[in-house]
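The chain below stands alone and is given as structure tokens, in the form predicted alone.
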Amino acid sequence: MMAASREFEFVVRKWNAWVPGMKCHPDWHDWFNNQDATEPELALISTHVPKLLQRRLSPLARAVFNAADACIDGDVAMPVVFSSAHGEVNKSLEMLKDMQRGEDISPTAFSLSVHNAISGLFSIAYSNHQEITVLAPGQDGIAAAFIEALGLLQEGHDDVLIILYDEPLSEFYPYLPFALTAKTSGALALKISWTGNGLPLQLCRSPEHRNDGEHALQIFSFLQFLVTDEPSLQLGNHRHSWVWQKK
């Protein structure tokens, strides 16, 4: 892990996102003002994904694949950092309910409910044999994924793909009064490198304590930062915060 006191400059070469009702980057402005009216929908899946795997993708996995596909260049594989607060925890809850009813649980269903399930399907679909990291960052939010990705760039990789994703928690979980869950599902993919064309950013740590919500909410804060003219974004918790600055 790199020292957090330094400032790191990098470039977002490509990015893409999927949320219900948002089909392209310009849609984000309208979506942000009308998200309460958004109807549930399933993300479209690229034809690059084999039909057999498509049938195994949960709604959250479909969102991840949809967001990531636009950031992948043909057969050129790169390291990937997946980051999600909750992963497929809703699927795990449904299996627990099935067990309570006395129903059998298939090994396949269980394997697709663990926190790294989506990354495993992703590596198969895209034949990606590069390093893949799956984070559950807790209160540290989305910054942990950037720090991990920058570490991979320092190891000599040309590009790293960051995928941030979460879906609303089931009402079973007592997430209030904590800011743990967003109103809707979201997936954001960012291809970063040290140099190149794209959006130059600087990331640094701040000692300021904040309460910006956890990972699921921060995804949408970062999306808004990407598509607006805001020069900087600060996100954090009660311990510290992180600042992204457009260069």
Partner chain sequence: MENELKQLIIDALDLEDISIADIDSHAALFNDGLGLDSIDALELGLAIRKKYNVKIDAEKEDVVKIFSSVATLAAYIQAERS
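Positions refer to the first chain, counted from 1. Just so we're clear, the structure is a prediction, and the values are computed from it rather than from any experiment.
In what follows, reference is made to the form predicted together with the partner chain, a form of this protein that is not presented.
- Note that among 52 to 60, 181 to 189, 204 to 212, 218 to 226, the stretch whose heavy atoms approach the partner chain to within 4.5 Å in the predicted bound form is 52 to 60.
- In summary, among the residues Q154, S106, S127, Q100, the only one with a non-hydrogen atom within 4.5 Å of the partner chain in the predicted bound form is S106.
- Contact residues in stretch 131 to 158 (any heavy atom within 4.5 Å of the partner chain, taken in the predicted bound form) are absent; none meets the cut-off.
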